[in-house]
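Let's start with one chain on its own, the form predicted alone, as structure tokens.
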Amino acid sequence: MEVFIEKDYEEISRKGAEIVAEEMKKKPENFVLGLATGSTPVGLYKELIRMHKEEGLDFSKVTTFNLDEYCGLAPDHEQSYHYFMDENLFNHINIDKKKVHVPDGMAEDPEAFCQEYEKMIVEAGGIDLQVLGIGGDGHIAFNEPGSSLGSRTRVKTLTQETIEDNARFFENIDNVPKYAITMGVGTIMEARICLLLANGAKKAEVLAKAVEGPITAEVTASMMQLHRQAIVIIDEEAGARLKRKDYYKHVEKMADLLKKKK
């Protein structure tokens, strides 16, 4: 696991976007990008949009798969993740909407849809890079505490903490969906690269558990410790509880020196 501790949210977003762009350029024909919603990746998406408009970053041959979607929300609902992705990324880049995949929260048979979603990922060649955030209780996607670390795409009941966290996006807490379709931990772990972003003091304790604590279903993000190429980009506040913080900074400094020599 590579851990990068940056100055602030803007630097997190910039570095994350640089990694995404670099990987896209390595595989220009059929890059498969896994995407996340929430406030954390918005800055990364803004930087990717800037790269597209100012530097010609090409999304025309990119295929995307989103982590999750609320059950019961139509794609045009302002709080659906379909809508979020259109507003924050897809409507501003040259992506082929036929290659965009977000779970169908209105699926008549959600279980069958989940199996089909897994199949679509495989048929696309697997996810090359998966963008992730981390919830206040350590979950990735909607894999709440106690989720199987080998889980696949499925319908998941949301915890009360997650419902309360998301209530700010709805008129009242009663309107927050109680279920979601989500990629499983096992599905996420099959991505070639996992890129997790986090910022702010509120994430410090749970991030330390995910990066340096035991691997446990109580903190599903801790499974990233077993991933062959996991990258974590955080700010100083989010990294405040890390015991090996100085070491991570040393590794990044030495890597930068090596790049300059080349």
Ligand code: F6R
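All residue numbers are counted from 1 along the displayed sequence. Predicted model, so just to flag it, every value in this text is computed and none were measured.
Missing here is the form predicted in complex with fructose -6-phosphate (F6R); even so, the following discussion is about that form.
- request: Using heavy atoms only and a 4.5 Å cut-off, decide whether all three of Thr37, Asp68 and Ile140 touch fructose -6-phosphate (F6R) in the predicted complex.
  value: Yes, the whole trio is in contact, each within 4.5 Å by some heavy atom.
query: Which one, Gly184, Pro177, Gly133, Gly105, lies within 4.5 Å of fructose -6-phosphate (F6R) in the predicted complex by heavy atoms?
result: Only one option qualifies, and that one is Gly133.
- prompt: Though only this chain appears here, would Tyr117 touch fructose -6-phosphate (F6R) in the predicted complex if you measure heavy atom gaps against 4.5 Å?
  reply: Tyr117 lies outside the contact set for fructose -6-phosphate (F6R).
message: So if I measure heavy atom distances to fructose -6-phosphate (F6R) in the predicted complex, which of the stretches 57-65, 37-45, 207-215, 24-32 falls within 4.5 Å?
response: Only one stretch passes the 4.5 Å heavy-atom test: 37-45.
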